[in-house]
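We begin with a single chain expressed as structure tokens, specifically the form predicted alone.
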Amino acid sequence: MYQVLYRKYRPRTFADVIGQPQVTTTLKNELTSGRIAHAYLFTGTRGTGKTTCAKILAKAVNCLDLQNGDPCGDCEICRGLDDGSIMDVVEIDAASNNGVDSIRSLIEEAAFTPASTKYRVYIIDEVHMLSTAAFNALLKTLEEPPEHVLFILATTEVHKLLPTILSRCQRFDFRRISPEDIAERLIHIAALEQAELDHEAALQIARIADGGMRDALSIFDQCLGRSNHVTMDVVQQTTGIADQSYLSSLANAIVQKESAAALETIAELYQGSKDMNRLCEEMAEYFRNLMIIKTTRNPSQILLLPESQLQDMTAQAIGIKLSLILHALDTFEDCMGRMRFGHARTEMEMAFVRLCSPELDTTPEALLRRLEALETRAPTQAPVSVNRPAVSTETPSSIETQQEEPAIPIQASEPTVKPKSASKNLSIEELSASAEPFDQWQDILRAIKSYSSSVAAAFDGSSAFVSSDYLLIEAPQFAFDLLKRPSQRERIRDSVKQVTGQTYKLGPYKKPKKDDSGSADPLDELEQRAQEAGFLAE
């Protein structure tokens, strides 16, 4: 009879357990030193190795030839426990034996010495399902059991256990297994099964399994039923998840506010038998990835995505405001809750219509998006002076005027010349004095890095400020030297406009000087004049 993979490759020693060193190392040390407790509590999410470690521990405490904390697997006790001929290790499902009568029978049986082993071990799985009366009946025996009795409790919901139970056990918390560890294990098992598993497909299975090895092996087992060579396409067809291109196009539809395009994509996925609940979960995860990319310096440490996919999502995240990402996350999380009581496809379509048309949504997140849109569209107009005889000589010269086209002198007899904005008559010091921090500068640096890592590195550690229609940059001098090149300046302008949607003039930021009674250093004044003459771009 065929044996499923998660049973066939269940670990038989602590060394085989993946991703739980904080548990296996401690248990092995206790076994080798003889410091065996009378009650253990294993907690954690599904498929992380709780029951597996409980069975290994039950075998190890009775093994006749312990190998560095691991059961040998060859002695008569180990073989008897493997084939079920020794009955001194009892595994109880608390979900179906949760009454007080079942616990009383267990207590009466525990009084008898084991027939073949040193310890009679009781593994109580899903212990949180026991009734309050059953817990109370177990308390005294759990606190002071017979010398030959060992209890191992396992649960996925430790918060449901009584404090009196927790205080009587040694607690071990099982963590979610990392996607890299799961993928490595899947590739190893694929080789044993004489199958081929692509690394990207293994990572995709690991992400779907959400830290559970059993779930990952079950998905992989199902994929092998479709093809002996498991690729990303096989995983997508087997699990019913949407292709990455669909998720990206749906996200773009939200950004562009194209509800018709979003509904057409949903209809296409629905006709392809894609589960709407799963699609909603994937969209929530997709925007969560965008949030991580948007808010962290090195998202690759958190998001285990293929390099090409990470680059595509980074480029997409640059043009999306954080408020939109958070609004989408809230909307999809709410949609998943509503799908339990309504039609899944309709709820999904309503969610996209709200995201593409925030004026139809009354949530605070949608109102914030609308306010930001109004602020972005608001033109920055300065009062125009009609009778101005000449442009102030304090205005710094621009890089474009110096390098690209000759300066056009403005005669004092031309009163009709009007400045573009009020900032035309302000010096760098005056602009810097009224400047405010520019929150989107890191997004602009990510956009610059997408086309040139060296240029982005030149601005490493820099900051920016906004004053009127100027973007004032505080950076090392060699960064300004790059901006004197017309090609680099235009690309940085494009990056600024891509992120902000506005066109700014570029200039250096000068920290406001404190009023000192003493005379200024002439060298500082000379350096200031040189910098003003060398950098100011419209």
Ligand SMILES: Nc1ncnc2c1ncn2[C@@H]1O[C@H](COP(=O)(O)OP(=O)(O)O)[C@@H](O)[C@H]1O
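Residue numbers here begin at 1 and follow the sequence given. If you're wondering where the values come from, they're calculated on a predicted model, not measured in any experiment.
What comes next is about the form predicted together with the ligand, which does not appear here.
Only one listed stretch (343-351, 227-235, 259-267, 206-214) carries heavy atoms within 4.5 Å of the ligand in the predicted bound form, and that stretch is 206-214. In the predicted bound form, the ligand sits within 4.5 Å of a heavy atom belonging to residue 50.
Taking the partner from elsewhere, residue 46 is found to have a heavy atom lying within 4.5 Å of the ligand in the predicted bound form. Using a 4.5 angstroms limit between non-hydrogen atoms, residue 185 touches the ligand in the predicted bound form.
Taking the partner from elsewhere, residue 23 is found to have every heavy atom lying beyond 4.5 Å of the ligand in the predicted bound form. With the partner omitted from this view, the residue of 197, 177, 431, 138 that lies near the ligand in the predicted bound form is 177 [heavy atom within 4.5 Å].
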